[in-house]
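So this first bit is one chain, no partners, the form predicted alone, shown in structure tokens.
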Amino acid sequence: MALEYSDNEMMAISAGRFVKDGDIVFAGTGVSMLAATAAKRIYAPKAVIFFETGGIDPSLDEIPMAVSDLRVMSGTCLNSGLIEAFSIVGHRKLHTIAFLGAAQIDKYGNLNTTSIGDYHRPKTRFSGSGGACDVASFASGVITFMQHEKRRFVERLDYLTSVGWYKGGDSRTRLGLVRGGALAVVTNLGVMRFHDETKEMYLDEYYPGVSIEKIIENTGFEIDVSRAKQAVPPTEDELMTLRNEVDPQRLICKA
């Protein structure tokens, strides 16, 4: 019998599989926290998780609900602050992966977390960049979490908050951002990556039970699906660790 799992569980496991021992993982809020903790518990026990508020390598005995949650400081190797945390992101000798969320994304992995509609008279105003622009500029790679909808996967962002591959090709480097870039986009439908040369988004994996047609219908720009394959579903061991050790109170898993 096929195992049942939530969208958040599939997303967390898909993202966690990107992390390797020795990676330094910058975690945002929500599914980002779930994925980062899952990566540490299941795939990369020697990875280091840290948060912009200054908690470096916490024990994560209980999953924090936000970067301001005091649990990000529990069992850490260092309790620091914003300056120290962000100095880790751009350290050239460290391989840093950032887990971020966004309201909009375009085909080059550029992110909007600022506003929907005209900036001066927006339909919706969000909390803004926070540390997302800095992280997207200097981390070794960014994995973005999104709900896969046409209004979120757009041809043109309403506001460019954080740079991915900018306009494609070598345009990011020409901006002066010589490191990093968009690594992957993990959604409730599948996993997207970026072409090595053009830097355009393509469908890498679609989840079991999700059709390629559904992903095309929910993407607001043309997306290459020629190399798409079905994702490996969560194993029983992965799900049990996620539910019993990472998020036993089902604070994020259940969604």
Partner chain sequence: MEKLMTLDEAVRKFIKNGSQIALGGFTVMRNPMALAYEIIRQGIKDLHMVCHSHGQALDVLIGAGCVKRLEIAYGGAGRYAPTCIRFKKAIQQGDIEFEDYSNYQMSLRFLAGSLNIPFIPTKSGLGSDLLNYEGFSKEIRTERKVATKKFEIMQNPFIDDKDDVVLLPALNPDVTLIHAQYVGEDGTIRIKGLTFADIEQAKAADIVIVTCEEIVPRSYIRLDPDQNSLPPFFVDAIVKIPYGAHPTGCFAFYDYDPKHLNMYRVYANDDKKFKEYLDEWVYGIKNHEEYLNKVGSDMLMKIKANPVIGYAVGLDRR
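Please read all numbers here as calculations on a predicted model, not as lab measurements. Numbering follows the first chain given and starts at 1.
The same protein has a further form, the form predicted in complex with its partner chain, not shown here; the description that follows concerns it.
Engineer: Report the stretch among 181-189, 141-149, 158-166, 94-102 that approaches its partner chain in the model of the complex to within 4.5 Å, counting heavy atoms only.
Structural biologist: Contact criterion met by 158-166 only.
Engineer: Between its partner chain and A66, S74 and P122, in the model of the complex, does every residue show a non-hydrogen atom at 4.5 Å or closer?
Structural biologist: Per the other structure, all of A66, S74 and P122 touch its partner chain.
Engineer: Using the partner position in the model of the complex, report whether E217 sits within 4.5 Å of its partner chain, counting heavy atoms only.
Structural biologist: Result no; E217 lies far from its partner chain in the model of the complex.
Engineer: Can you tell me if D61 lies within 4.5 angstroms of its partner chain in the model of the complex, counting non-hydrogen atoms only?
Structural biologist: Taking the distances in the model of the complex, the answer for D61 is yes, it comes within 4.5 Å of its partner chain.
Engineer: Would you check, heavy atoms only and a 4.5 Å threshold, whether T53 touches its partner chain in the model of the complex?
Structural biologist: Result yes; T53 sits at the interface with its partner chain in the model of the complex.
Engineer: If we define contact as a non-hydrogen atom of the residue within 4.5 angstroms of the partner, is V154 a contact of its partner chain in the model of the complex?
Structural biologist: The answer is no: V154 has no heavy atom within 4.5 Å of its partner chain.
Engineer: Taking only heavy atoms into account, state which residues of 161-193 are within 4.5 Å of its partner chain in the model of the complex, ordered by sequence.
Structural biologist: Heavy-atom contacts within 4.5 Å come from T161, V163, Y166, R174, L175, G176, L177.
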